[in-house]
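Form predicted alone, single chain, as structure tokens, below.
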């Protein structure tokens, strides 16, 4: 699945997108955005897309998140691992995210619903975000990228 497809255009502005990248037996998730926050949001959409189609997730509820880390890369890993934990323990999937970052403090909200195996048809279970290919950076044009490999 690739965030560049037309199915994602109705939900996010053209400047924000996500994609997957190959990495051995695991998979990389990458988010792009005009802001660091938007790149983190799109990385979360890419994480969901490893499991199921994000646009097929209803917003029946939301969960708040708070993370803190000494740098952007560790903050990304903590954020994605917090999502993975909630997906595993609550048996939920999330399709929409808002992220606010103040210094190295992240506050976020994820909207989604209980996992329905028949409807969501989960492809794999994500076990955790890793430090492999970990990168949060601002490009010369001012846009942001947030990426890492997730263990499946």
Partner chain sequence: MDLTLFSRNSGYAWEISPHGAMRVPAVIYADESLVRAMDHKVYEQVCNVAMLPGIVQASYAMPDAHWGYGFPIGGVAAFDAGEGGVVSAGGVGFDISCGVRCLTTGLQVDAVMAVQKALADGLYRDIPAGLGSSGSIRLNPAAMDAMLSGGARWAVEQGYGVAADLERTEERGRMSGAQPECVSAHAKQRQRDEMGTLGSGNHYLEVQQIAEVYDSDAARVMGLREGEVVVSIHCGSRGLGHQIGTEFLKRMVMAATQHGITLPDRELACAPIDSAIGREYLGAMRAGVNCALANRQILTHLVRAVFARVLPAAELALLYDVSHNTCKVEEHMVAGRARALHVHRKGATRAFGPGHPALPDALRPTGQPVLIGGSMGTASYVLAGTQAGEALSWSSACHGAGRAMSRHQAGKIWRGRQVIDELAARGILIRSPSGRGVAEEAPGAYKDVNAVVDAADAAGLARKVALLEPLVCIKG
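Residue numbers count along the first chain shown, from 1. The structure displayed is predicted, hence computed values, not measured ones.
Although not depicted, the form predicted together with the partner chain is the subject of the following passage.
Pick from 58, 66, 114, 88: which has a non-hydrogen atom within 4.5 Å of the partner chain in the predicted complex? None of the others qualify; the residue that does is 88.
Among 95 to 103, 79 to 87, 35 to 43, 58 to 66, the region lying within 4.5 Å of the partner chain in the predicted complex by heavy atom distance: In the other structure, the partner sits against 79 to 87.
Is the gap between residue 107 and the partner chain in the predicted complex 4.5 Å or less for some heavy atom pair? The answer is no: residue 107 has no heavy atom within 4.5 Å of the partner chain.
Can you work out whether residue 129 and the partner chain are in contact in the predicted complex, taking contact to mean some heavy atom pair no more than 4.5 Å apart? Residue-level check for residue 129: yes, a contact with the partner chain.
I'd like to know whether residue 119 contacts the partner chain in the predicted complex, with contact meaning heavy atoms within 4.5 angstroms. So residue 119 does not count as contacting the partner chain.
Indicate whether the partner chain has at least one heavy atom within 4.5 Å of a heavy atom of residue 140 in the predicted complex. No, no contact at 4.5 Å.
In sequence order, which positions of 36 to 62 have a non-hydrogen atom within 4.5 Å of the partner chain in the predicted complex? Counting only heavy atoms within 4.5 Å of the partner chain in the predicted complex, the contacting residues of 36 to 62 are 49, 50, 51, 52.
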